[in-house]
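The chain below stands alone, shown as structure tokens; this is the form predicted on its own.
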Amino acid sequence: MSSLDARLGVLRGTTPPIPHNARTLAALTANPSCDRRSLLDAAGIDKDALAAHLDLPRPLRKSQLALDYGIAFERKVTAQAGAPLVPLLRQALGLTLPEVSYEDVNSVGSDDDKSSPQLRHARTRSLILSAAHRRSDPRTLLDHPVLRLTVAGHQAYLEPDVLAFQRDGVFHVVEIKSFPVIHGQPDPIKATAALTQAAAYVLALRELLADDGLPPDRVSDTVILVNPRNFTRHPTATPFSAHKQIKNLSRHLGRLRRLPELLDKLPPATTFDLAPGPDQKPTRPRNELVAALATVRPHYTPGCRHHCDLAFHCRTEARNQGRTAALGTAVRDDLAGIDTIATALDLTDGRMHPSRDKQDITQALRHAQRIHADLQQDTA
């Protein structure tokens, strides 16, 4: 075990690490400036368990009905060895030849049980490299392949819905999502989230090919989203560029390499261990856990409530400290360089003299105060 692994193990405590998946990696990019999130995720700490111990509200989850609908839609698209998917990809990718080989990587060496990620990854790697080195092969669909991506020095297993291989040697990632495309336009927030997940698969596939000496352009930046068309259950496939999402995720994965720097800032023996008892219930005093969390700098934004289990803790913390982030992203960005509400008010009222880099924002605050005072007089 490396010294970095040992230090992250101290943070995690006695529980096993939670492995990364595409959703957790996508959530990383939503707030890349949060040191707290970076450390917790790198250590594989169960943030939901922390939130439950602190008695926090949780982000909204998909209902079981929505999950069941998504599974049913995916099965419909990949039924009969991917037969419904082939004409969709043919249209989206401009394919002309009819032959397509199909491989279900859910089970390797067994027709009944889902094989281990390690075994499925080995099979996926064999199939992809075989196809990559023999471009004359018919185009190949891999159903639920398993890829690996290096995250903070560790291997995370990822499972895309489908990998489509073209005869000219370019791979495409295909994501099957149950949210609809209405008149050719998906929900932009959901589409961006789907593309960010797909970006993790693109990077993992490029990593696999790079290990065999193949260039990254063998994996396309274009991701194919397969969704229900309008308000029906009929699928439609739409190509989207994931270049921005791939770039953002690559940058954040690079930031995780500075973990030693973040760990060096922590007080000795800092841990987020919940100290589960014989019944597996946490015994760690809540005030100790809160104090441990306070040793790592957060970067709260209102958007954290949609993807982070600790968002409500960080929001309360920001409010108690009077931080501008508690007022929303727009206010925080407008007051760039001013971290607390008290500082903003002191600059506005003249109780604090602005430094050179804060003179412009101080003038803007005082101008806003004059407008507010004039409006109050007009309505008096």
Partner chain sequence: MIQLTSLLRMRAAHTGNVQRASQLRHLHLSDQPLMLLALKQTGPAARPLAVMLGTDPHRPRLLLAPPSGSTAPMLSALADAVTAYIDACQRHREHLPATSNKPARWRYTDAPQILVPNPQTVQHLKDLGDDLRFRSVDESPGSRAVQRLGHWLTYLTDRADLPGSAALIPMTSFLGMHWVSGQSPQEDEDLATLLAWIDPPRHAASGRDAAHTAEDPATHRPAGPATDAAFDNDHLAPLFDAYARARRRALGLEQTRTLQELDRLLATYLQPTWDLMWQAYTLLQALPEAKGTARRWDHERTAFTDECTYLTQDGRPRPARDNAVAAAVRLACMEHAAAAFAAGRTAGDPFVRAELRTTGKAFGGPVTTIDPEHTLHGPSGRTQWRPRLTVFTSDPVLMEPGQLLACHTHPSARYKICEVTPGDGDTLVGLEITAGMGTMDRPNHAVLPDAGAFLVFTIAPAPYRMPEFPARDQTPWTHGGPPAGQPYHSDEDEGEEEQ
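Numbering follows the first chain given and starts at 1. These numbers were taken from a predicted model, which means no experiment stands behind them.
Heads up, the form predicted together with the partner chain isn't pictured, but that's what we're talking about next.
- Heavy atoms of Pro32 never reach within 4.5 Å of the partner chain in the predicted complex, leaving it off the interface.
- Arg356 falls outside the set of residues with a heavy atom inside 4.5 Å of the partner chain in the predicted complex.
- Among residues of the shown chain, Asp334 is one whose heavy atoms approach the partner chain to within 4.5 Å in the predicted complex.
- Looking at Arg305, you'd find a heavy atom of it within 4.5 angstroms of the partner chain in the predicted complex.
- Checking Arg233, Arg255, Lys265, Lys247 against the partner chain in the predicted complex, a heavy atom within 4.5 Å turns up for just one residue: Arg233.
- Put simply, of Gln185, Gln280, Ser130, Gln80 only one has a heavy atom within 4.5 Å of the partner chain in the predicted complex, and it is Gln185.
- Heavy atoms within 4.5 Å of the partner chain in the predicted complex are found in one stretch of 296-304, 269-277, 195-203, 121-129, which is 296-304.
- No member of the trio Leu93, Pro216 and Pro260 reaches the partner chain in the predicted complex with any non-hydrogen atom inside 4.5 Å.
- Contact residues in stretch 359-375 (any heavy atom within 4.5 Å of the partner chain, taken in the predicted complex) are Ile361, Ala364, Leu365, His367, Ala368, Gln369, Arg370, Ile371, His372, Asp374, Leu375.
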